[in-house]
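Given next, in structure tokens, is a single chain: the form predicted alone.
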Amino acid sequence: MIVDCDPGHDDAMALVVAARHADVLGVTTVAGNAPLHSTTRNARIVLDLIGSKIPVHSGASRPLVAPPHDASHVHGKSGLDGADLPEPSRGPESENAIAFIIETCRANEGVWLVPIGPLTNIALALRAAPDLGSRIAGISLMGGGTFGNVTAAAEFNVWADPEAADIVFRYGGKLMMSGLDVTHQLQATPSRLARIREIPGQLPKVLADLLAFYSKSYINSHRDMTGAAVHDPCAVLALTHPHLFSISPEHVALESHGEHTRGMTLIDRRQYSKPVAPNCDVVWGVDDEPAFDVLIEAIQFFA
């Protein structure tokens, strides 16, 4: 797989579990939770912490059309506030993530693209290389859902670049969506943070500190959450550990123009005898305890 990300506290956890359980050919970065220079820096730091030589390529610094917005109110100014982080070992291998995605997918048939930030890089790659859609195994994204977290309708990754998301949802190949319906079920609860802190080493301490910082905004802003939603690992685990998830084929349309619904993923759940043809496997539920066990085991592996 290629992990396309905007680290981001939950992206950090996704990178750890992807490096543990998948053949990661590269990491590409996009502006999203923080500006591009920060997300690229953060990706390198996380990979350094696990001793990984996976290449990092920086990509789009802004959405296709929409003005850029970050999520510093959740992730802090750096995108990874809350822990004492080392300096990155080096910069990115290139600043052309789009070319890396295209060249890698042409050289390796059957690659999964796993975007866990705004979909700008993926849309640009699909647009620049029309053959890409038939070469890749599919796209497993974190985003969307039946409710939002930026607006009542829109989740951040889709809302941040709905024009790019529309390209991705229309590309015609295998598509899997891990939206807020499932990701809010995988929470960094106090007991789970305590389990991470029990693991000796720098990596567990850093990740526990990051998740503790990240959790504060969720606990303070939600009525019924005891820890942050660890969104992004779901898009990885849905591929590496699909038995932990409930998934169904649905038709999903992307709203890019509505005054109140821009960035909404509209899942057609009408019970017609001749339903609309599905274009997306929607991930609805997760067996959250064993799923978090996988995250903890990945941390232990690299600690």
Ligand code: RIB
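Start at 1 with the first residue shown and count on from there. Bear in mind that the values here come from a model prediction, so they are computed numbers and not experimental data.
Keep in mind that the form predicted in complex with this ligand is missing from the display, and what follows is about it.
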In contact with this ligand in the predicted bound form (heavy atoms, 4.5 Å), from 227 to 235, 199 to 207, 119 to 127, 95 to 103, is stretch 227 to 235
Proximity of I167 to this ligand in the predicted bound form, heavy atoms at 4.5 Å = no
Should R192 be classed as touching this ligand in the predicted bound form when contacts are defined as heavy atoms within 4.5 Å?
-> no
Mark L132 yes when one of its heavy atoms lies within 4.5 Å of a heavy atom of this ligand in the predicted bound form, and no otherwise.
-> no
Does any heavy atom of T28 come within 4.5 Å of a heavy atom of this ligand in the predicted bound form?
-> no
The one residue among L180, L175, A83, A153 placing a heavy atom within 4.5 Å of this ligand in the predicted bound form is L180
Counting only non-hydrogen atoms and a 4.5 Å cut-off, give the residues of 57 to 88 close to this ligand in the predicted bound form.
-> H75
